[in-house]
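Shown here is one chain on its own, the form predicted alone, set out as C-alpha cells.
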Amino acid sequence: MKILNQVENFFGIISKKIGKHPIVPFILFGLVIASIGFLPHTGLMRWGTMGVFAYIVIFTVVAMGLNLLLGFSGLISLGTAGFVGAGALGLGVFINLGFPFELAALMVLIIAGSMGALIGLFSLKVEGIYLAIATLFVGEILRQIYTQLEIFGGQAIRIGAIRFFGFIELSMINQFQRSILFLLITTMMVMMMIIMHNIVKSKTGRALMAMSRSQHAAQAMGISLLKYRLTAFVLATLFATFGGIMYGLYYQNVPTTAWTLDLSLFVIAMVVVGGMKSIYGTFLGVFIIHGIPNLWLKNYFGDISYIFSGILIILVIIFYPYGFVYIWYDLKRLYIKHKLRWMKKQVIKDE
C-alpha cells in the first residue's frame, strides 16, 4: 500500500502541473496514439491493425462534430455520413482536377460549411424527429450524387499519393510513408480536440449548452437561436468534412457507396456510447463501436462479431447512460473506498 501511495502522490503532482495547461493532456494523448504508427516496423503490430486505428482516429474527429451538435446543442443530424463523403470524395475530385492538396481541402471545407449553414437555417423551422428526417434526406441526396455523377468515378475515386506544398509526397504504398500519414492524421485529431475544447470553454460553448437545456430559457437570457443553431450545424459539418479529408489523405482510395445512413447511425452510437459532452469519451466510443469488433471479436466470431458489439452497446447504455467514459469515476470511487477501508484497519491495528 505504501507503493500505491507513492504512485498516487507522483501522479497527483503531475496532474496538478498538467492541469494548469489544458492543451498538454491532448498532446500527450496524441503522442501515445501516434506511437502506434511505428509499431508495425518493429513487428509488434500488423499493418492492418494500424489501419483500424487510423479509422478510429478519423472518426473521432467526425464524432466530435456530432457531439457538438447532439451533446452540447441538443440537435440531431442523420446526414453525417454524407458530409464525411463530401470531404473524402470532394478532396479526390479537386486533386484529380489538378488543384494542390491544401487548396482542394480548403474549397471542400468552404462548400460543406455553406451547406451546414443552410441546414442550420432550415432547422429553425423544424424540431425533433422532423429535423432528423430532414437531415436524413440531405445525407441520402448526397449519397445519390456520389453514386450517380461520373465525376466521382463510379465505385471509387482514386486519389493516389498526396503532395504537400508542391514537393513533399506521401503514399500508402510505401510503408514508412504510411506511418508518416498516420502521424499526420493523429496530429490533425489532436488539433481538432484542442479546437473543440476551446469552443466548449468559450462563450459559444456556454450558449450551446444553454440552448440544449431549454431554448426558451436561452432566448430569455438573450441567446440568439439563429446564430447558435447556425454555429452548431456549421461546426458539425466542418468536423465531419475534415474527417472525410483525413480519410482521403490516409486511405487515398475513396469508395462512393460507403456514405450511407448506417454509417451516420454508427457515428451517433459512437457519441452516445463513449460519452456525450466528452472529448475523450468520443474517442472511447469510436474504439468500442469500431475498434473492439475489428481488433478482437472478428478473430473469434467472424462475421457475427457485430452481434456481440451490439450487446456490448446495450450493456453500456443500461449501466452508463451518460457514456462509458464515466466508468473512470466509478473506478476512482472504488479505489478511494478500498483505501479508506485499509486506513481504518491500520488505525485499529495500531491501537
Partner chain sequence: MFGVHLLFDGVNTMTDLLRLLFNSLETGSVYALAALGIVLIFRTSRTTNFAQGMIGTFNAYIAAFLMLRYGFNIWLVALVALITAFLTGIIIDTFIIRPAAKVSPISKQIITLGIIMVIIGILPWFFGVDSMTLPRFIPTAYSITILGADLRYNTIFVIAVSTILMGAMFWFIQYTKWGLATRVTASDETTSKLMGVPTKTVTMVSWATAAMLGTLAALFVAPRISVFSNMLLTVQISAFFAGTLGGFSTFFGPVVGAFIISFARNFTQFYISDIWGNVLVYTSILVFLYFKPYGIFGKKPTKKV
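None of the values given here were measured: they were computed from a predicted structure. Numbering follows the first chain given and starts at 1.
We do not show the form predicted together with its partner chain, though everything after this point is about it.
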_Based on heavy atom distances of 4.5 Å or less, which listed stretch (278-286, 312-320, 56-64, 31-39) is in contact with its partner chain in the predicted bound form?_
312-320
*Would its partner chain in the predicted bound form be within 4.5 angstroms of a non-hydrogen atom of every residue among Val126, Ile145 and Ala269?*
yes
_its partner chain: the contacting residue among Leu149, Met191, Ile180, Ala161 in the predicted bound form [heavy atom, 4.5 Å]_ = Leu149
*Contact assignment for its partner chain in the predicted bound form, among Leu238, Met115, Leu184, Leu261, heavy atom within 4.5 Å*: Leu261
*Check whether Ala156 has any heavy atom within 4.5 Å of a heavy atom of its partner chain in the predicted bound form, and answer yes or no.*
no
*asked:* Can you tell me whether Ile304 touches its partner chain? I mean in the predicted bound form, with a 4.5 angstroms heavy atom cut-off.
replied: yes
*Taking the shortest heavy atom distance, is Leu78 within 4.5 Å of its partner chain in the predicted bound form?*
yes
*Verify the contact flag for Leu230: yes if a non-hydrogen atom of it lies within 4.5 Å of a non-hydrogen atom of its partner chain in the predicted bound form, no if not.*
no
*If we check its partner chain in the predicted bound form, which of the residues in 204-222 reach within 4.5 angstroms of it by a non-hydrogen atom?*
His216
